[in-house]
Every structure is written in structure tokens, then in C-alpha cells.
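Here's a solo chain for you in C-alpha cells, the form predicted on its own.
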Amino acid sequence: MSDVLTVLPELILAVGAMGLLMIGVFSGDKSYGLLKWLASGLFAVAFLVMIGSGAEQKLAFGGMFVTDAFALFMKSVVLTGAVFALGLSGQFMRERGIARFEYPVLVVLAVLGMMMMVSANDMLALYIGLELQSLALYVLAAFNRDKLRSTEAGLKYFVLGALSSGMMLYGISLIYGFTGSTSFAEIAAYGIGSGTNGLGLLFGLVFLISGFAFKVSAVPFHMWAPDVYEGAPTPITVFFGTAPKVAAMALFVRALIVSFPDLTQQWQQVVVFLSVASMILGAFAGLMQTNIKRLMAYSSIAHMGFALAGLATGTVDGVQGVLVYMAIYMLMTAGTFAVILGMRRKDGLTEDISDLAGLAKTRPALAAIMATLMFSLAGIPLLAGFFAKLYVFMAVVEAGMYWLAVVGFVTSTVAAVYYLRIVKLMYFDEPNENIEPLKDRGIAYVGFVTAALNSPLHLLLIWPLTLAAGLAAQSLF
């Protein structure tokens, strides 16, 4: 019975997804609006049950599943990201003729997989959660099946995702072969091994990290991100850019910190490489983009690099920095995509950055929201994005990795160019074509809330956030 209570939030989502599916099957696509609200309600109920069960560590199913302060924090961010994605999908999906009942059901199933990932305390539980999330995301990427770019995005994501899953499984099999266990605690107790065993374990670890790197779109496993971000329907891109990234980063952190404490020096080198490569490529490749969704993909790659810099320290402060970073990153991304969904001309939505020219003259409120979020993404002081970077870089400096902090500082300065270019376009260029007024309340609400939370008003909430992140980080050590 205690096992059931421990996994109650996940059970609510699993049973709820089946219920939503039955409603959809019998009512057809006209139930889309209702299912969207019911899915958001399911997330709210799961969140309340999670909060009610507290943050103390509980194990279930022979230690394969764990709930603790870390899981509570990351699941809360995942659920918030999913609610934002559902809130942004109303008008767009109806206009495209893809407001189908399967969409909310697939989102719920993907979130169920993400919550399993965050609480995985065993390599097999990790893989089951990851595949449940991935299978739903493959279908979502190709959701607009009548559009070539969407089906291409789904196919690319599926093929590359299958490759990364294979690499990860190979890594897990090597780790199991050399340690004799798939449990995080028993792998940690095994230590570094000796001779051939130690070398085999390192090989397994590298393959495992490669699989994680694909899920967070870290370089050199980033190649799917720009095409999937551009090709998938925009509300689904919002979902891709928020909840799955948070869940994958949570999995990355827990698996390395809990399973391989004695191999920290070894995995540190790999994570530092992923971090530096992601920061550099994300910053420089973004400078050449003209499509705003592709720009956000490269921006996301750079931000994952910054978050991985915190993980590379292997310290409590570093993990705390990662958690704060991922929470703020989720808000910045959801808000930016809300504005992208508001970029509507007479002939429909536009994704061209040049179409934002003169937005401040025609739609001042939308321009103000976008400017706030761009400044925050660039890390301008007093905005939330600045504090996200500050916590990560402070942890990196305290760990004595000064050169990594310098790389982070230089690349964030380079990346600021493409964020500030958008602000310059909106406020100093002449409008080339008017952006239509917003008709979707969901876009307005998400845009306003995320901009407010990224503005200097966030100073009221940054201390509770860092306190919660600190407690969550300590629960892993």
C-alpha cells in the first residue's frame, strides 16, 4: 500500500490519461477543448497530491522509484511547463485543423514518463520512463501529418531518438555487466572498480551520458533540435522546449550524482566538454538564424550548456544552480513562444524574425513582453535570467573551474547579440507589416505571467526558489 501512495501522482496521470482517451474515442475531436481543460486539471491534482505527500525521501518497488525534495521540485517545474504548453495550443491547433483529441492525451502520457524519469532510482526505471516520454513525443512532433515539415521533424526525431536510446541501453548493459546491479545505490556502492572492470564501467558511463546528452540537446547530440523545433506545430515546440528538457536534466543530475559519486572526476571531464561545446555552438550558430523557432533551438542548446556547467562542478551549490536555472529557463522559453504564437499577420502566422520590425509601434504590449524575455534570456542584471546564470557561475567559480566560468561569460555575451537584435528590430525599425491583435487569451495570459516572473518583480520570489532548490539539491548528497 505504501508503494501505491508513493506513486499516487503518477497513478492519477496514468488512470486520467486512460479516462481522457475514452472520452476522446466516444466524443471525437469536438471534445478537444474539454480534454485540454481536463488534462490541465489532472496536472493540478497530481501537483496537489505531490505537495501533500511532503518532501521526505520515500522508496517504492524495491528502491526502483524514489520521491524526495529533488523529485518534488523538478516535477513541479515539469507540470508547470506542461500546463503552459496546453494553454498556448487553443487557437493555433484549431486554425491548422489539428485540434484532435489525441493531443491532450499524448501530453499527459509524455508528462507521466517525465515524472517517472525524475523519480527513477534504477537504470530500468530510468529507461521505462524515458521511453514512455519519447514515444509520445515522436508522435507529437509529427502531429500535423498533412504538413511535410512536421512529418519530417517526427521522423528525424524518431530515428535519432532510437539511436540515442540504443546507445543508452548499451551503456546500461555495460554498467550492469561490470557492477552486477541496475540500482543507483548499489552501483554507487560498487565504487570505481579495478582493472578491466573499472575501464568497462567508464565505457558504460560514457554511453549513458551520450544518451542523456541527446535528450537535453547538448552538442554533439543536438542535431535534431533545430529541425524538430522548426517543423513541429508551434504549441508542440513549446512543450518540447520546456517540460522534456527539465525532466531530462533532472535524470542527468540524479543518475550521475547518486550512481557515480566515486567517478566524479571521470564524468566531470565529459560533462565539461558537453557544456563548453553547447555554449559555443549555441551562441555562434544562433547569430545566423532568420527563423525565430530555429533561433530558439540554438538558444536552448546554449542554455543547456550553461546548466551543464553547474552539474560539472559535482557540488551541492552546482546542482542548486542547475535547478534554479531550469526553473527560470522554463519560464523564459514558454513566454517567448507565447509571443511567437502571437506573431500573426493577415495571411496567418509568421516565424520570420524580420517580421518583428516596428512591433513596439503597432503592438506595444506584445513588444514589452518580448523585450523583457529577450533581456532575461540574455542575462541582463535584475531580470530572472541574470540570477539563473549568476547561481551557476558562482558555483563554477567556487569549484575552482575559473576557465569554464570565463567560457560561459564570453558565450553569453555573444548570445546576447541575437537577443538584443530582436529588441532593436521591435523598437527602432519601421514596421514592414502589421501584426494582428491577439485573439487567444491563453497566449496573453502565459505571455503576461512569464514576463512578470522574469521582470524585476521576480526578486520577491527568487529567495523562496533558491531555498527550495537548495533543499532539493541537498537531498541528492
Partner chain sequence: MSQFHIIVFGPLLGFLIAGLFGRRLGDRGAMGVTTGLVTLSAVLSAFALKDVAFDHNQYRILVLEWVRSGTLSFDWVLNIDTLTAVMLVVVNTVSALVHWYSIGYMSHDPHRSRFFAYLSLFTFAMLMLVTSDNLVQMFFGWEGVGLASYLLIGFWFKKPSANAAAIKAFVVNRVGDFGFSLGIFALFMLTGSVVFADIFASLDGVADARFIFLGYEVHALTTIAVLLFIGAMGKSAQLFLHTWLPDAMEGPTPVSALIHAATMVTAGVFLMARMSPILELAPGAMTLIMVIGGATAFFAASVGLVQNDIKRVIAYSTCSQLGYMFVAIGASAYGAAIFHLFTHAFFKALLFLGAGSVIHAMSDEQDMRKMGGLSKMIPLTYVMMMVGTLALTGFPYTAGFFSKDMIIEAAFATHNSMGSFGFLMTVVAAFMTSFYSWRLVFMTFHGTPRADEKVMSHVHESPAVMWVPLAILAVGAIAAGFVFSDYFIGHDRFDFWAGALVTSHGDVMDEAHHIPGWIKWLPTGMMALGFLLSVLFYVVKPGIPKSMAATFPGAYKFLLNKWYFDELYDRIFVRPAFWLGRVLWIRGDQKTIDGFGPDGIAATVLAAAKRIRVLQSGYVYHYAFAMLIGIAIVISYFVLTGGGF
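Note that this is a predicted model, so its numbers are computed, not measured. Positions refer to the first chain, counted from 1.
This protein has a second form, the form predicted together with the partner chain, left out of what is shown; the following refers to that one.
>> Is the partner chain in the predicted complex close enough to W37, M64 and L88 that every residue in that trio has a heavy atom within 4.5 angstroms of it?
In response: Spot residues vs the partner chain: no contact at all.
> Heavy atoms within 4.5 Å of the partner chain in the predicted complex: does R100 have any?
Replying inline: No, R100 sits far enough from the partner chain in the predicted complex that none of its heavy atoms falls within 4.5 Å.
>> Just checking whether V316 would be counted as a contact of the partner chain in the predicted complex - the rule being heavy atoms within 4.5 angstroms.
In response: So V316 does not count as contacting the partner chain.
>> I'd like to know whether I257 contacts the partner chain in the predicted complex, with contact meaning heavy atoms within 4.5 angstroms.
In response: Contact check for I257: no, nothing within 4.5 Å of the partner chain in the predicted complex.
> With the partner left out of view, is L148 within 4.5 angstroms of the partner chain in the predicted complex by any non-hydrogen atom?
Replying inline: Contact with the partner chain, no.
> Pick from 237 to 245, 391 to 399, 359 to 367, 294 to 302: which stretch has non-hydrogen atoms within 4.5 Å of the partner chain in the predicted complex?
Replying inline: One stretch meets the cut-off, namely 294 to 302.
>> Can you work out which of S354, Q266, S173, S181 has a heavy atom no more than 4.5 Å from the partner chain in the predicted complex?
In response: By the 4.5 Å criterion, the partner-contacting residue is Q266.
> Among M93, I340, V270, A125, which has at least one heavy atom within 4.5 Å of the partner chain in the predicted complex?
Replying inline: By the 4.5 Å criterion, the partner-contacting residue is V270.
> Are there residues in 204 to 231 with a heavy atom within 4.5 Å of the partner chain in the predicted complex, and which are they, in order?
Replying inline: Heavy-atom contacts to the partner chain in the predicted complex: V206, F207, S210, F214, P220, F221, H222, M223, W224, P226, D227.
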